[in-house]
Each structure stands twice: as C-alpha cells, then as structure tokens.
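Just the one chain here, the form predicted on its own, laid out as structure tokens.
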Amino acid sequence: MSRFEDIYGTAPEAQASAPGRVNLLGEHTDYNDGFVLPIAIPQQTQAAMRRNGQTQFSLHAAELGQTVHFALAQPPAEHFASYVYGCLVLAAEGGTAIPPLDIHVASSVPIGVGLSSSAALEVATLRCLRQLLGLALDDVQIAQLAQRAEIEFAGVRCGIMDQMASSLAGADRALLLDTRSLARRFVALPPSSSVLVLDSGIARSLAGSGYNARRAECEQAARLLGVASLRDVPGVDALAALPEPLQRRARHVLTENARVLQAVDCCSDAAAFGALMNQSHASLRDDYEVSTAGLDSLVALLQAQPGVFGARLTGAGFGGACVALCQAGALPEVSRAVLAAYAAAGHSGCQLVPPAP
C-alpha cells in the first residue's frame, strides 16, 4: 500500500488517524435523538497532508490506487472524494483559509459493512486539517462537521453517532451517548467478555439502500404524533394511533432506546447484556425490517454458540456485519465454528474484529 512519500515525493506536514466503530446497541436511534452505545475498533483511517503551492487539491486513496484533483469551487466527481471535499468546504465556510493541499488517505477500516469507514475518513481528515492549520476545533466540533460533510456532500442523512464514536470513543470501553444533548460517558464491557464482529459477505450501500427511507418514516411518525422526534414519545402505548409500518418503526426506536439504558445498568452481567443484543436483532428484523436472510442466518449461528452471550446485526443493516458479545477465551473458537457453518450454508463471511491474522 502506498505512502504519502510514494505518491508526492516528500514527507507530509501533518498526519492524523481515526478509528472505525461497532455499535453494540442503539441502532437507528441516533437520528431520532436517542441513545447509542458504540465502541471504537482497532482498525484506523490515516490522513496525511501538505500545502502544495498549486491551484488545485490532490487526493490519493491508497486502497483504491486512485488520485483525483479538484478545487473548492469545483467538487470532485468521484464519490469517495466527496467525504474529504465536504470536510474541506465546511472548514472553509467556518472562516479558515484552506490552501490547496496534497492529501493521502489510507485505511484498514472495512468498507461497506457498517463499521463507519466514512466517519473514520471524515474525522481523520478534519483532525489532520486541525493539526496542519492550527484550527480551534474540539473533538465534538470535529464530529459535528464530519456529520454535516456526510449529509451535505455524500448524500447520507446520518445521525451523529458514527462521527462522535470515531472522534471520542476508545476500543476498550463503550461510549454511552445521548444524541440529543451529546451528554456522554464511558461504559465498561461486562467482565471477561470480548467483542466479535463478522462480515456477512452481503454488500450494502447506505445512500442507495432503505436507510434514508427509514429516517423519513420516523420523521413522518413523529409528525403524526405531534412531537419533535420519536425521543419525545412517552411510551409504546402512544403508538397505537399510528398506521403500519410507522407503528413498527417507532416501536423499534422506543424499545431500542430502552435497551441501551438497560444495558448500561447491567454492564456487569454479560448474559443480561447479551439478551438485550438478541432482542435488538429481533426488533431490527421484525419492526424495522433492515435485516436480510443472510444476516439472520449469521446471527442465529452466533446466538447458538455456548460461548456467545448475544448477537445482532450492526450498522444500518441491509447487509454488512454482525456483532457478538463473547466469552473472552471462547472468541477464536466461536469465530471458526460460526464461519464454517455459515460457509456450509452457502455464504461467504469473514472475521473483522479482532482483525484476523
């Protein structure tokens, strides 16, 4: 994989990185002003920059082996570059003079499986820009700009969870985040437990999937209930007036918020935490309808393992990855057994977290 020096012939002036994330509980709640519980993963995205003294920006993506050129007044045609471009434009709109730059990005965060590769790219870009130009941006402001970049320039109406997790979370503790107030605190994983993430092998695209449709359904449900967001609904009994499928969509959001808060209260009990993950998957499958047959099969295989406390799809759904809370010592065997059974059923999965040797 190329380095900055390989592409541009000299060392960068600034370098920064940001992790991907896996969400343990709190799926599709962030754009409803709800609660989420993500944790950072070991894989990172690195960004490196230098002023180039030219009239255009140059962006090289190491994984793609592709270099694109653009100006702030002329957005790049390539979709992957829109995330970086959006960060640069928003920083400039904030009053910072952004000189033309040579930019190199490289990443080990798996793409398109629900581990927030886009948020890691945005946060790494903004961190690098902060270092290069001495920007007065704290980690929350970095996350907020990154979210705007994804919405306004990449066309994904995402909530704030992914960017806050990439900007603030660690890999050893989960981040309990209230996405309305941005109040947050770290939460320890249950004792003697480890996080396993497996790829279902089913690709998905957020912008082209039902993600934006689900968000629109939640907004419609909130309007019909006369509240600012589903966070303000007092309880599931209040959903009876909604037509289907809006009633089921809203029920998932309310019960998922409750599961996040229950998980924090039982974070010393791995079995109880895992049971909430199992309930979350059933809700995502039946009420929110963002699972697939392949995801359901992989989750069922995980849940059947004696070394697994609980498992669910993670990310927006429609393909992508599953997350499981496992007994720490059982994780390698769980991964081998589940992936073998999944392959025998005609699917192709792989281990993502911890990174496979």
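One-based numbering along the sequence shown. Just so we're clear, the structure is a prediction, and the values are computed from it rather than from any experiment.
The next section is about a form of this same protein that is not shown, the form predicted together with a small molecule.
Participant: In the predicted complex, which of the listed residues (Pro38, Gly315, Gly310, Gly34) lies with a heavy atom within 4.5 Å of the small molecule?
Facilitator: Only one option qualifies, and that one is Gly315.
Participant: Gly320: heavy atom within 4.5 Å of the small molecule in the predicted complex?
Facilitator: Heavy-atom contact with the small molecule at 4.5 Å: absent for Gly320.
Participant: With the partner left out here, check for me: in the predicted complex, does some heavy atom of Gly159 sit within 4.5 Å of the small molecule?
Facilitator: Close contact exists here: in the predicted complex, Gly159 approaches the small molecule to within 4.5 Å, heavy atoms only.
Participant: Quick check on Tyr85: any heavy atom within 4.5 Å of the small molecule in the predicted complex?
Facilitator: Close contact is absent here: in the predicted complex, Tyr85 is far from the small molecule, nothing within 4.5 Å, heavy atoms only.
Participant: Find out whether any non-hydrogen atom of Phe80 is located within 4.5 angstroms of the small molecule in the predicted complex, and reply yes or no.
Facilitator: Answer no; every heavy atom of Phe80 is more than 4.5 Å from the small molecule in the predicted complex.
Participant: Okay, which stretch from 69 to 77, 221 to 229, 97 to 105, 159 to 167 lines the small molecule in the predicted complex, with non-hydrogen atoms inside 4.5 Å?
Facilitator: In short, 159 to 167.
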